[in-house]
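Coming up, as structure tokens: structure 1 and structure 2, two forms of one and the same protein chain.
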Structure 1
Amino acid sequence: MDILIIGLSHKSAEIHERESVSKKLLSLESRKDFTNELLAVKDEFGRPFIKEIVVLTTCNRSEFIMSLSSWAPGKGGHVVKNYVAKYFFGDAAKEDIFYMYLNEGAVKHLFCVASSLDSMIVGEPQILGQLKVAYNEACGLKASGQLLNKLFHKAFNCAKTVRTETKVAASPVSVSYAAVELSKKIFNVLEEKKVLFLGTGEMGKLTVKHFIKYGLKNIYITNRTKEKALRFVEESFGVAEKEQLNVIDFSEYYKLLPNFDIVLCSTGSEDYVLKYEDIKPLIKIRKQRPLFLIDISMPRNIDPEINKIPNVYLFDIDDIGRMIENNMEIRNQEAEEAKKLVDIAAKEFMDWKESLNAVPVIISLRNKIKDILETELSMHIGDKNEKDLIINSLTNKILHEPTMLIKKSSSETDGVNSLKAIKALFNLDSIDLTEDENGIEKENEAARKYRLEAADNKTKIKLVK
């Protein structure tokens, strides 16, 4: 069973091309239809190419993570890629904008995506949540099975390891997040601080949301036109968020200025809204308590001379930009370490996946040994229960080490040939997973019996359920 990923992202496709795909996957119903379409793709013999599929779609990427039927190793990839291009664009030539990863390449790619190493902003946290939503949706549609279940849980664990063992997500790399992080460094505890937002720009909205997330409840917003400020709050924030917000008249903000600990300025003014002579008296009124000013306007709205006033901390858009640039460099360095963790996790998953190939050989070998023991012991032991107990015990003892070696050999580079050699050496019959009338693999009786015996004897061997 091969793992296949077909997709496009900000790295491979233009924005209008990404939009064409995402627009056709906006609703759950549309994603369900697409899932069913792909699962229905068959060859000339009526056999389905794809067994399982998870559909991921975000603002920057759309990816289809699949496991292929056992009879279509690798070769089904280009058939599916061509089908996907026609589905979204009606043109097979558009196949070129989709990338394709197979097996270990697919596993590493998914783990990098989950760990936010493939994101436009390395280390951003949203993609992991989006992956979990996509996986849960596929489970709800019964489109994800044993192989993808294992793959996605391993991807989630890998992402957690990357975040805990590296600093790939530790430093702020957005203006809004940086503003909050700088505030935390100046005040340590933010919850009781009062914040004033001058202006109603998009960056201001994102920063307000970050402050609310960190528990601030005293947030004031003003604009030269109060109606615009009220509309800004009404259209930009949810019901719970609005409870933390207060809109004040622009004419009142200056006399209230001494009460604020943090002031963020994002207006369209061409002149300074806050000047040196405005702020200098405030520090005495505030009894030298720190005042943090953030100017994300262009042109600047806060007089840079204010930075000379003791206990006043002023950061403009360039200051924050340099901070973000440094943090991006840190994240990129950490990403190199994170990729080593991804490689380890991918190797572990591929070892597990390849070990599944050993199951039919192990079943055959166990049956061979049990048949020999059955023949020999039947001449000496009449009690069936006693005989079966001895047969099972001896089989487990004889095959414990060979089983471990067979599993190990199946995960090595020449694993397929190693398994063939073992089958030839012991003259083993082939016991494979069978397929139902739709070409879907299912567990046959021999495989089921082996799995149950393995569980009863507390061995470490696992079989596809």
Structure 2
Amino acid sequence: MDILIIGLSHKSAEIHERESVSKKLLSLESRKDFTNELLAVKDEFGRPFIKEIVVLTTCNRSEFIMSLSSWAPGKGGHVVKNYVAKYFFGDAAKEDIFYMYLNEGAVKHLFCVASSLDSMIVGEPQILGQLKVAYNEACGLKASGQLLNKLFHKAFNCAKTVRTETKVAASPVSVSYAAVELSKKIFNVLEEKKVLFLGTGEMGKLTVKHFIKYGLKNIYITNRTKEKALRFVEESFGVAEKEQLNVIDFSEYYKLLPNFDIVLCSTGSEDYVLKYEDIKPLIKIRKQRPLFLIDISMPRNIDPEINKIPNVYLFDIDDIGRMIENNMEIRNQEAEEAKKLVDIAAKEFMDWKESLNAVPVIISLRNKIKDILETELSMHIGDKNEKDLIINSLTNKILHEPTMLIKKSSSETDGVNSLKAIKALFNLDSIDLTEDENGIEKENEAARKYRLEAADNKTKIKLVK
């Protein structure tokens, strides 16, 4: 019944170590094999150690979220950790780079991961999707059961709450996104604007992709060597994206420059590509229409003096970087708030999980009392309906407080002990806390029965009144 998380992320392991783990889990087939191998891990009595498992792999983390069998002590998780280290590195000594969380710690960790508080870039939205994919995959493999189902749904829920109630994801932190946002501050109908991309830089590529995603249709690319520009377009963009792209000759670009509203510069040039004298006359030809220049190259390719020309707005990598830095700070501050929400959600889940332990005891206690009353009362009351009514209402009255006590004690640390004491007190041996393989199903059934009975009783009592 314990929840165990073993994994490694950018916080615990080096990139090559993360790589070698994620390489072994790259295909669905390999993840399936790994899941089955883990499920086959047995303890010294030959009983399976792990009951449910979800395998999560992203570029920055690989994580195995497990629910252990009820006889497996959670503290024995190092056996699994050892096994995992051997599986991936063939060397048990490597287990230091894996982290391990148990029960409440594990729940909190998973909720933090889902809410993107544990990510390299706090608040990035991909992780939730990746987690959903991992969970669906486990469902497909029938590796996820009652406990993990509930855990994951709670995690998705928690992530949503964090996203809506805090500003963790509110402020963008990528250069390309910032560039598009800045253009929106200057231009009204961004979709109709023309973009010129000078160079073939990586950051520029991402920004162009972002512009295309936003719906810009006229994007022109130029480079000193035209072949390189053509190759760059061929290699870096998808089919749909290429439709919006045109490659123009480097000799032509200055002539066409007045037509462009946004100029993106990301070349490897050592010197300024666009100079003050180039832009000054341009703005008159443009009839003072605003011109937005983005310089994301190092060293800079656009003369910073240009920013002084009216209706020309120049942003270099430092300017954008400073804004992003601000946003990073905001996100980190918000993450503190978000952690409080995570704690609350984790506590709720743990309460639910603990209350699972108490259900079988309550049921057997009720049955016991009912049996006693049944035998005693059948001597005096002939009418079966009347007898049942009395038995039920007496059972409820007698057991009301003990039931509350059992539920309460089950969520405390020494809960198992008090449950054992109650069992000993009433001689409830028919129910074993270390239940067998189908334990949870049994519990489920019992819980349902209990609820139905309770509802039934309530209506009956109302009728009598």
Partner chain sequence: MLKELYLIPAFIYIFSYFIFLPKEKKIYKIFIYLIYAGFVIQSLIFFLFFDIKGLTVPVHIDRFVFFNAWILMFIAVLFGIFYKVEYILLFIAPLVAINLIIGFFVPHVLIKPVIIGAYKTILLTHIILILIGDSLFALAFIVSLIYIFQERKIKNKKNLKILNLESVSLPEAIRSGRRYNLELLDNINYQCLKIGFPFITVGIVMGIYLSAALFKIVIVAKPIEIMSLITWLIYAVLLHERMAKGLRGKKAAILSVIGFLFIIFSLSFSFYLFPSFHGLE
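By rigid core we mean the largest C-alpha set that fits within 1.5 Å across both forms. Since the structure is predicted, the reported quantities are computational estimates derived from the model, not experimental observations. FYI, numbering is relative to structure 1, first residue = 1.
Structure 1 is taken from the form predicted on its own, while structure 2 is not. Relative to the superposed rigid core, the position of the CA of E401 differs between the two structures by 2 Å or more.
Annotation for N218: C-alpha shift of 2 angstroms or more between the two structures, rigid core superposed. The rigid-core alignment places the CA of P290 2 Å or more apart between the two structures. Relative to the superposed core, K384 moves its CA by 4.7 Å between the two structures.
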